[in-house]
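Only one chain is included here, represented as structure tokens and corresponding to the form predicted on its own.
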Amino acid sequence: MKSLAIVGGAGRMGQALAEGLGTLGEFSLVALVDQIEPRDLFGASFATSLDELEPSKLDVVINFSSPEGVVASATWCAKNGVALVIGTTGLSPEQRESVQVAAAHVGVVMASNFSIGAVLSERFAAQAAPYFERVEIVELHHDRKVDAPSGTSIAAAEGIAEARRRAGLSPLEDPTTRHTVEGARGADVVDGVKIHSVRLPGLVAHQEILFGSAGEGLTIRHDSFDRQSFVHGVALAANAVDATPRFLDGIASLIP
């Protein structure tokens, strides 16, 4: 049984993970780490910093906080030989580099989405990409998500672009030549794959990948209606990683 600490434990995602992971019987939840005391500790202790914890009593730190919090967790885990699972998105190149440095000392898993269904939808999209003329992505999230586009949609766009390159296809060109309002056609993330971001109260995490060719279309949609949808993916990552130095970008390789 692995011992866990959740950084960002007072947040909605941290609370969902603390509740869900605690019911699996595979983990011991040692601490919830945050600047404010979580609404529910789920039997764990509360700490305002990883520095308050005893490293020898932890196997894995799970971070769903902020990009700055990820850097602090990566530094602490590398120093103390504790594995790290990261679900925070919106990291700068410099912050991602800090994670890579930590992975030279301990095991690290970083994923933009821990939903099994979301990961599978990306896999299906990459399979479909060479067979359609065009593709665009619409990602929809709750209105308190601070970054756009989502890390999940960026990963999907990169996977689609790579699949098209392998098939010998050229980057997509936007057929729209006159923009009445700048930005109406979304963001060109990679090789012309457009992403459109929606932020509304009541949503959790949703994504549509829309393919089109002459006479037909294909829509791959995934919906996370509750944050519990991420629990099993985080559990996969926590079970797969240990103090052995390595870096896993995403959980796709953990899903046969």
Ligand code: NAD
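Not measured: the values here are computed from a predicted model. The numbering used is simple: start at 1 and walk along the sequence shown.
In what follows, reference is made to the form predicted together with the named molecule, a form of this protein that is not presented.
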- Item | Contact label in the predicted bound form: residue 36 to the named molecule, heavy atom within 4.5 Å | yes
- Message: Using a 4.5 angstroms cut-off on non-hydrogen atoms, would residue 12 count as touching the named molecule in the predicted bound form?
- Response: yes
- Query: Is residue 28 a contact residue for the named molecule in the predicted bound form, using a 4.5 Å heavy atom cut-off?
  - Reply: no
- Message: Whether residue 149 contacts the named molecule in the predicted bound form should be assessed with a 4.5 Å heavy atom distance threshold; does it?
- Response: no
- Between the options 137, 160, 111, 74, which residue brings a heavy atom to within 4.5 Å of the named molecule in the predicted bound form? 111
- Item | Option from 175-183, 99-107, 125-133, 85-93 whose residues, in the predicted bound form, bring a heavy atom within 4.5 Å of the named molecule | 85-93
- Across 45-66, which residues bring a heavy atom to within 4.5 Å of the named molecule in the predicted bound form? 64, 65, 66
